[in-house]
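This document starts with one chain, in the form predicted on its own, laid out as structure tokens.
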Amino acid sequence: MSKINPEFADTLAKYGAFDITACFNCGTCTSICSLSDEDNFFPRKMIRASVLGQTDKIDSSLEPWLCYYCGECSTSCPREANPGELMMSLRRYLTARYDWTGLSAKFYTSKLWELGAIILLALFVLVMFILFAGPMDTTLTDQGGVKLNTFAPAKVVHIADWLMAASLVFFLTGNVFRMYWRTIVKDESVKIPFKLYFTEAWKFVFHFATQWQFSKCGDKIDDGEKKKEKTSTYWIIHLFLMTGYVLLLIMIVGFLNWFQTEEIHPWWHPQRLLGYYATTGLFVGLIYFTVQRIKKSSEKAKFTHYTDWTFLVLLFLTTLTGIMVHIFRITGLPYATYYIYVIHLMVLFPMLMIEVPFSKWSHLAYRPFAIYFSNVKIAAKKIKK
């Protein structure tokens, strides 16, 4: 039997939820949810577990990650218990539970901790440039561009990128393993045949690459073409933002020597086209989601945790300074290029080191893994039958 923790409501409130006791377990949220089915019965189960403080049930559940927060459950709740926001808070809570370092809990429950970490990491980058940066060469290339690699050699920066990427993989892999241990290994209700981990693996790749579940939100509610258009727009823009972010990360970590060159390529060169796609995806997504949160034009945008704004601000500054570096470099403005490049990395480094393994962007890994693990368990149960 699950233990009951009457203080859990106070704990969860630190992650964004509020008055979870308003729910009287009518089940409207589950009946209206497009993503709830006979195998994953949410959000009702998670709300009940939260009200009772059954933390072991919550820790072992994949359901909070299977919710993509269309908001229909909250708008339809007769008690205004906001089940959609509760599920969002549970995702933050579980992110902290998976994190073996304890940093996620600090960042999600303390503005001072998150701001302090950002400042500390930014200062670290600044000190590295002060100690190891090359000369600020004001002579231009034959094409009139800035000699950025004289100041910050791509080979050296690339090594730093690989060290950063190794750190991100180390932390995030450890956290995903803890998620796997809690939701699969400790679940004694089903035994997983080893081959299922391979036969179901394509679903992780598919959902990570397409974010397909977003496109299904709201399908049970037929409000005509306007409703379908809103769902489609949200999914496409979210996909655009995500692919732009991932593409930029791949270019920086994997192909910096090709991406950060002193040669000024024509606008149609793949190097610039890929950069323009990534930048456009980031800006379109940032504008869309920022406007939504300011105007509170959708249910999911009515309640914003401070970490949501931190993520948007860091991503905006990273994108803006990256564009400025590109413009200053190709137009031959040496000092502007060098100083903005330093500022760019002072924002980029904290954003990646905090958001990817410990905060908002870790959800990009947890959600497709949750779908993958859920399908593995479902397939195993079918074999058992």
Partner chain sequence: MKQKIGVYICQCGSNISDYVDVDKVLDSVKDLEGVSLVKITMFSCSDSTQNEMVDDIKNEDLDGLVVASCSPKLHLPTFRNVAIRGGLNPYNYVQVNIREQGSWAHSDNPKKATEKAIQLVKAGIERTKYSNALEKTVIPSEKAVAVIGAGIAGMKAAIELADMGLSVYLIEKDFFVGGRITQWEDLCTVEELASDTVTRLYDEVKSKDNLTLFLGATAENMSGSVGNFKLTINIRPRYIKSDFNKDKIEELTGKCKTLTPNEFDFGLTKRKIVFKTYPGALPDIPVVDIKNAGDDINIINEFKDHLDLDRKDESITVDIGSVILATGSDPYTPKVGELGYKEIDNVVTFQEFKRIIELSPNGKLKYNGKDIKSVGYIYCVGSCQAEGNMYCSRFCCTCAISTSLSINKRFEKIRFYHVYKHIRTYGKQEVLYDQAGRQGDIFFKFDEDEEPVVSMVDGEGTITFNDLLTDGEEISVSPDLIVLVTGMVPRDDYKRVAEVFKAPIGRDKFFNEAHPKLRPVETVIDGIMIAGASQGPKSISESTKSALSAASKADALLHKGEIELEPTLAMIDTSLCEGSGLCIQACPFNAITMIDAGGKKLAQVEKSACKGCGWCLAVCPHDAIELAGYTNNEMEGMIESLITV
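Numbering follows the first chain given and starts at 1. Worth saying up front: this structure is predicted, and the values here are computed from it rather than measured.
What comes next is about the form predicted in complex with the partner chain, which does not appear here.
- When the partner chain is considered in the model of the complex, only one residue from 111, 79, 269, 186 comes within 4.5 Å through any heavy atom, namely 79.
- Contact with the partner chain in the model of the complex, defined as a heavy atom within 4.5 Å, holds for exactly one of 353, 345, 51, 324, namely 51.
- With a 4.5 Å cutoff on heavy atoms, residue 383 does not count as touching the partner chain in the model of the complex; it lies far away.
- Proximity of residue 22 to the partner chain in the model of the complex: non-hydrogen atoms within 4.5 Å are present.
- With the partner left out here, the partner chain still marks one of 79 to 87, 281 to 289, 152 to 160, 234 to 242 in the model of the complex; by a 4.5 Å heavy atom cut-off that stretch is 79 to 87.
- Using a 4.5 Å cut-off to the partner chain in the model of the complex, each of 3, 6 and 57 places a heavy atom inside that distance.
- Shown without its partner, the chain has no residue in segment 89 to 117 with a non-hydrogen atom within 4.5 angstroms of the partner chain in the model of the complex.
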